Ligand code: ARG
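Take a look at this one chain, the form predicted alone, written out in structure tokens.
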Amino acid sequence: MSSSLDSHTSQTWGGRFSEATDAFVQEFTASCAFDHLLAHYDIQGSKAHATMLTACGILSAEDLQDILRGLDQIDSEIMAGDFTWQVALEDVHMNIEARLTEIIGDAGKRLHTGRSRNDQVATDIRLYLRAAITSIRAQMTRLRSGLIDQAETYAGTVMPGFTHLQVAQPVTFGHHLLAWNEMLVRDDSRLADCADRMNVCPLGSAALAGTSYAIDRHMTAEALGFKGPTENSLDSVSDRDFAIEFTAAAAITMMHLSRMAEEMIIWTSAQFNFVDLPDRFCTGSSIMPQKKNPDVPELIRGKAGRVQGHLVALITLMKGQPLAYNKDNQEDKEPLFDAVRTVHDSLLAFADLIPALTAKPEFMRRAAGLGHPTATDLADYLVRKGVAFRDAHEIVGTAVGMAEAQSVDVAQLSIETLQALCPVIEHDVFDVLTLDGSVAARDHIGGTAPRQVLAAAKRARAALG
């Protein structure tokens, strides 16, 4: 049985060329070293394509039976690690097609009727990314569930809330954890939007103009679980918006994980000592025996920059390309694959870590009492007594200055001192100057009062589905 692979070019497209590809160029242009990750999705797409061709009378039922049998065998070989990838065959598509032809003969050559590698790879990447988003969102749900559990546990645990990393007002640890959850809610929504927008099928667009065969693109799209076929063949083979959009969503997610990581790193330091991470998520020092380093949060903080770099790489890759497909697009896969792996594994790591995190309420409360955290409560108290807010702000600012001069908290000033600043102040002022009184006063939706934290956690859990 003859094949184009027997030609001196050793390429499936070799008929046009009079000399073999330079060995370095062959290595330089090949992509099977990384696009083999698409193999299962390539086989999935090929099965749907072959089934459609048979339904349209373009392939025989016998050819279809052979193709499906051969593709199943190849899938098994790849899963078992028994498949030999050949650089000479360039990419995942040609490697699979060549092996299929080797197994079933000429029917393998007929599989490519009515399609091109251009629409084939565009379909494969969408199938791959659709599955990846499902897996990533599952890890995100695990992380959110852990945060909600911990928020309920620590709904009444007082800690300092910061602005500019300076103590601002007391909040509860549960409230802080639910702030992290809100970030992830938006991240999950972005991923869901991305998955919905990309869920259309390019297969059948062929190289760029469509195909002259009477194919049924709706049938192929339905078989692969897409909402329908893409509308324009030129755009179909050259579009990588969906990969950029995913990487943008992944970069935002990693930014949020990095912020969480940064707080964990700060909180585990001896200067804060707010939380304890289990030993299995940390490492020690080769020289300092006392060290317990928060390596997992530090690595996630670092990996955020990696995914942001992939986003810039993909946008830059596409910005100068004319329609339709260009070889540049081969460079879309490694950044995309790494972004998928990085965000998935980072979410997985935090989903395992968060339920095992332990707060240290005594240290949190001690820190919450520094820096006059209830000064705003004093201002609000004065406003409720009829003092204009700007006047109240000035009075409290003076009180803070006096407290600083005495090296005490504003809540420790005597009633006489406070009344000298403003005669409307009464003994009940000390009820609002306590940490617990301060957080309890924020008793509205979105507030840090323990009752509201528990209600918010209940809503968050219901939203998980």
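Since we're looking at a predicted model, the values are computed, not measured. Just count from 1 along the sequence shown to find any residue number.
Missing here is the form predicted in complex with the named molecule; even so, the following discussion is about that form.
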Given the stretches 225-233, 325-333, 312-320, 147-155, which is the single one in contact with the named molecule in the model of the complex, using a heavy atom cutoff of 4.5 Å?
325-333
With heavy atoms only and a cut-off of 4.5 Å, decide whether residue 91 touches the named molecule in the model of the complex.
yes
Heavy atoms within 4.5 Å of the named molecule in the model of the complex: does residue 31 have any?
yes
Spell out, yes or no, whether the shortest heavy atom distance between residue 35 and the named molecule in the model of the complex is within 4.5 Å.
yes
Residue-level contact is defined here as any heavy atom of the residue lying within 4.5 Å of the named molecule in the model of the complex; does residue 199 satisfy this criterion?
no
Using a 4.5 Å cut on heavy atoms, which of 110, 130, 117, 176 is close to the named molecule in the model of the complex?
117
Of 136, 121, 378, 339, which one comes within 4.5 Å of the named molecule in the model of the complex, counting heavy atoms only?
121
Would you give me the residues of 348-363 that have any heavy atom within 4.5 Å of the named molecule in the model of the complex, in order from first to last?
none
